[in-house]
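A single chain, nothing else alongside it, follows as structure tokens in the form predicted on its own.
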Amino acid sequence: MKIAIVGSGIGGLASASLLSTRHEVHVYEKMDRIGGRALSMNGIPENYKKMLAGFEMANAFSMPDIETISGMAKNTKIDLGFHLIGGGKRGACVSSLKRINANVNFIGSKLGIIEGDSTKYPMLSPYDKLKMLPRIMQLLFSRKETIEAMKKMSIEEAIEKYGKGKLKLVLEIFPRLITTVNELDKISTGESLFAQRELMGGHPVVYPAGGLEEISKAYAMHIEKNGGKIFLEREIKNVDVEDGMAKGIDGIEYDAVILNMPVQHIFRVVKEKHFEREWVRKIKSLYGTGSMVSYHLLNHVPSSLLGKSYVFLEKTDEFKGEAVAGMIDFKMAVPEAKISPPGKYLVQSYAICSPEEAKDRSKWEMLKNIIDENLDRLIKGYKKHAEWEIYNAIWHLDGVAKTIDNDKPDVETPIKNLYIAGDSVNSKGIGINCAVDSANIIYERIESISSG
């Protein structure tokens, strides 16, 4: 088959990587680089603010100004957004890269916690785990049908039913971090349990040495090795549809088309008239997730923090869910990450909020302060060590939030031979893992057609 993939985010590249082993694959990317939301930059480009706007982001704060930082950050690799990958070796992303023998090294860590002025690493001691083990095993390893049924149960309900002692804290924090949603009455218990199964390994969270671009580069190398082609700066205007079937893009004939973009954006390239009104209405009603991400380049970090991740939960009635969960990560600060210049340490952090809150300038200062206060709890007086700081608000982080009122669509659209790849669809995991698993599903569907 001849297959077009529109968008070179992780979902699009993972799909192309799989399909290129058996089919002719062409990837079209409107930007001058691959990676989509999971891209890495060598420093701050001149068009940084415009680039952020294209991904539904805004630069909220920077110290000093962005133009000055641009001159200071040339030897620092900066991701577009903050994307740790859950699941370690169990996760879909790491597993798929191993299958293609990609040379990507991952730095992993356990999770610590910041509680008030005290910190604990790891968050759960062997005794805590032993005490919680029977209930955790019951929840995490329930039958698939049971977890499917629990997709409509909120975490708030799960806490009332199962949450005692440390387990209550785990259920209050991890589902928020996994889904990037603070409202426990909206977070799906079933979806959270699927994702938390991947977090049970020795390293619950990992990050690729060299930045997120190493994942994209590995997929691109495999695609081109198999004869696939990647076209940069090629914006696709229209998917050609005839008699309910995708026939190609912009007049070029293809047997199948895969769209790698937030599902709410597909009507930019496929006319609404080709879908039933109810499906259009459902897709337009779906919402993503939001957050504020920060990047701090420090000239000093205690060695005891290097390579570790710390979570926090701030109770506040200023935000939905009456809390703000987040994480501060030091994996990018270790030399083997190849992110920070010699003698410097890049620290990436995020604080979760809703898409509406991410657009609300009055909330930006609060989110910034929450990140700063928690970083200061880890490194007292860290500001005196800061070379520069960047804070970006994102109101479309994950394509579709995994909540009980927000059903992700299938990878197959109502138009025959038109698919959606990425974290917007109903696949396992969150973020990058969700995007990679969507590629696995699309591959299986297309193979069943081509072999049938």
Ligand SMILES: Cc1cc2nc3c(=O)[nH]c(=O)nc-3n(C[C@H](O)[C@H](O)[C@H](O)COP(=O)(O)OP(=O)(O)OC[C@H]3O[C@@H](n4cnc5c(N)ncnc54)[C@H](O)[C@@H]3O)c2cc1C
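It should be emphasised that the depicted structure is a prediction, and the values quoted were computed from it without experimental measurement. Residues carry their position along the shown sequence, with the first being 1.
Omitted from view is the form predicted in complex with the ligand, to which the following refers.
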Pick the stretch from 423 to 431, 380 to 388, 63 to 71, 43 to 51 whose residues have a heavy atom within 4.5 Å of the ligand in the predicted bound form.
-> 423 to 431
Exactly one of 92, 311, 84, 78 has a non-hydrogen atom within 4.5 Å of the ligand in the predicted bound form; which residue is it?
-> 84
Among the candidate residues 261, 371, 171, 150, which is the single one with a non-hydrogen atom no more than 4.5 Å from the ligand in the predicted bound form?
-> 261
Kindly indicate whether 181, 191 and 326 are, all three, within 4.5 angstroms of the ligand in the predicted bound form, using heavy atoms.
-> no
Mark residue 446 yes when one of its heavy atoms lies within 4.5 Å of a heavy atom of the ligand in the predicted bound form, and no otherwise.
-> no
Does residue 415 reach the ligand in the predicted bound form if we count a contact as any heavy atom within 4.5 Å?
-> no
Residue 269: touches the ligand in the predicted bound form, heavy atom cutoff 4.5 angstroms = yes
Residue contact check: residue 234 to the ligand in the predicted bound form, 4.5 Å heavy atom = yes
From first to last in sequence, which residues of 5 to 40 have any non-hydrogen atom within 4.5 angstroms of the ligand in the predicted bound form?
-> 6, 7, 8, 9, 10, 11, 12, 28, 29, 30, 31, 35, 36, 37, 38
